[in-house]
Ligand code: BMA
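Just the one chain here, laid out as structure tokens, in the form predicted on its own.
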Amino acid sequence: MNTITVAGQAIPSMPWQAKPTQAQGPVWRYSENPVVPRNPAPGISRVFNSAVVPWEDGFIGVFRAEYVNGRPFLHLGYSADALQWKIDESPIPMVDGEGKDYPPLYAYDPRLVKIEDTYYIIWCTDFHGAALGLASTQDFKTFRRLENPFLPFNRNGVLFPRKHRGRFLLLSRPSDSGHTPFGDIFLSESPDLVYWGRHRHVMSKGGQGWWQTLKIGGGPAPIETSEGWLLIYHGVTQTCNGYVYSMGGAILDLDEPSRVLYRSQNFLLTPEMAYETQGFVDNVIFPCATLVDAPSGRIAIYYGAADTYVGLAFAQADELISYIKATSEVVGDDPDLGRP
């Protein structure tokens, strides 16, 4: 009898395909991938590394749109089934606290998280180098851009879907100004989304699994389960032909999320299909969002493929968590509180 439960809402209309008999591991691909192809809207050459949530009678997303001049911005997308998407031709309009236009110089790799009655977008932007941008909305019409959470350089900001002890929680991956040749995941807290502190080290790169030897970074918002916070993340290795990005999974302590309870030594998904191995950047699987139907434990995972497409994969929460526990290898001080 399944004793693993998932917190959250019912989303019976979310995409789902049963696991194929020949599937390896606890995560399997949607047979009709990619769900967002090349040139999805005028002036946009590629959409990838994007975020999706339920909205009204369907679904809404914040998409990384790469323009035909190569510059990335964030665009809204709409769908009745979370499979067929209509992408806005204009970027998301953002204003500051006084209602004045406040657009980012560029924006990419968004995450979209609902906390209480507000949706938050966090993305990578420019602040004298790569830094985290943050905005909020309640209606997907007005978007208030908030203060940058951290100094540069930082990427892969991921908010938890609920406050912890009255504070917002944020995962991030401090970096340098280039294509970071290092990277661990850290946790920070804030009472108001302005002032951040109580920083903790969460996860180290490395371990016996060579797929995450170079760096790691948070993916979708952590999923609250009876076993802990289910964290889907990416790991990177460097080969003689360049970087390879794969998908991994870990379980964080519910009460002390800087503590890693379990972490799969194996990747959950690695580039294998043509739309993952061949594109603007070859060999990339970059998870950014999940839809979770809490009653059934079904998980739909949206990921960027080869920096060119949006792909979709599926998992069953109990099977995925059991796999992570069975193949667990914690690395370095992962099990500790991560205090300096």
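Keep in mind it's a predicted model, so treat the numbers as computed, not measured. Numbering starts at 1 and runs along the sequence shown.
Although not depicted, the form predicted together with ligand BMA is the subject of the following passage.
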*Any non-hydrogen atom of R64 within 4.5 angstroms of ligand BMA in the predicted bound form*: yes
*Contact of A300 with ligand BMA in the predicted bound form (heavy atom, 4.5 Å)*: no
_is_contact(V281, ligand BMA) in the predicted bound form, heavy atom dist at most 4.5 Å_ = yes
*Do F286 and ligand BMA come within 4.5 Å of each other in the predicted bound form, heavy atoms counted?*
yes
*asked:* For the three residues D109, K215 and D307, which mark the spot I'm curious about, does each lie within 4.5 Å of ligand BMA in the predicted bound form through at least one heavy atom?
replied: yes
*Candidate from H75, R145, R259, R155 lying within 4.5 Å of ligand BMA in the predicted bound form - any heavy atom*: R155
*Spot the stretch among 133-141, 183-191, 101-109, 262-270 with residues whose non-hydrogen atoms come within 4.5 Å of ligand BMA in the predicted bound form.*
101-109
*Going by heavy atoms, what in 243-277 lies within 4.5 angstroms of ligand BMA in the predicted bound form?*
Y245
